[in-house]
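Taking the form predicted alone, here's one chain by itself in structure tokens.
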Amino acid sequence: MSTNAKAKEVVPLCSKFQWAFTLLGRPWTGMIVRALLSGPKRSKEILESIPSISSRVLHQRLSELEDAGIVQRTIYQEKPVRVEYGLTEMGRTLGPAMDEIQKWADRWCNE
């Protein structure tokens, strides 16, 4: 095999990396995680943090993140019932990655 042919060898991406980007790369997901890094919030507070997201999409993404073990929903039996969303330990470990993405955006994004 020539050097040129060897240089063009395709290495498949790790399936775990693909899983992570498929989940976190969905529209709004990263912003929801970022909003929850400061602590648990009600859906109304998340909507205020991310004004462009619709309530329907927010709840879809929260459900997906809950299924993945990143977000935990807590229901408080009050009148009226109060529901809060917070990051699990798994979700909180995304903090350093989100901080690095913020640094990257600060450097390269010219609004």
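Keep in mind it's a predicted model, so treat the numbers as computed, not measured. We number the residues from 1 along the sequence you see.
Missing here is the form predicted together with the DNA; even so, the following discussion is about that form.
The shortest heavy atom separation between residue 43 and the DNA in the model of the complex is within 4.5 Å. For the chain shown alone, residue 73 is a contact residue for the DNA in the model of the complex, at least one non-hydrogen atom being within 4.5 angstroms.
Contact check for residue 60: a non-hydrogen atom falls within 4.5 Å of the DNA in the model of the complex. In the model of the complex, at least one heavy atom of residue 54 sits within 4.5 Å of the DNA. Of the residues in 81 to 101, those that come within 4.5 Å of the DNA in the model of the complex through at least one heavy atom are, in sequence order, 83, 85.
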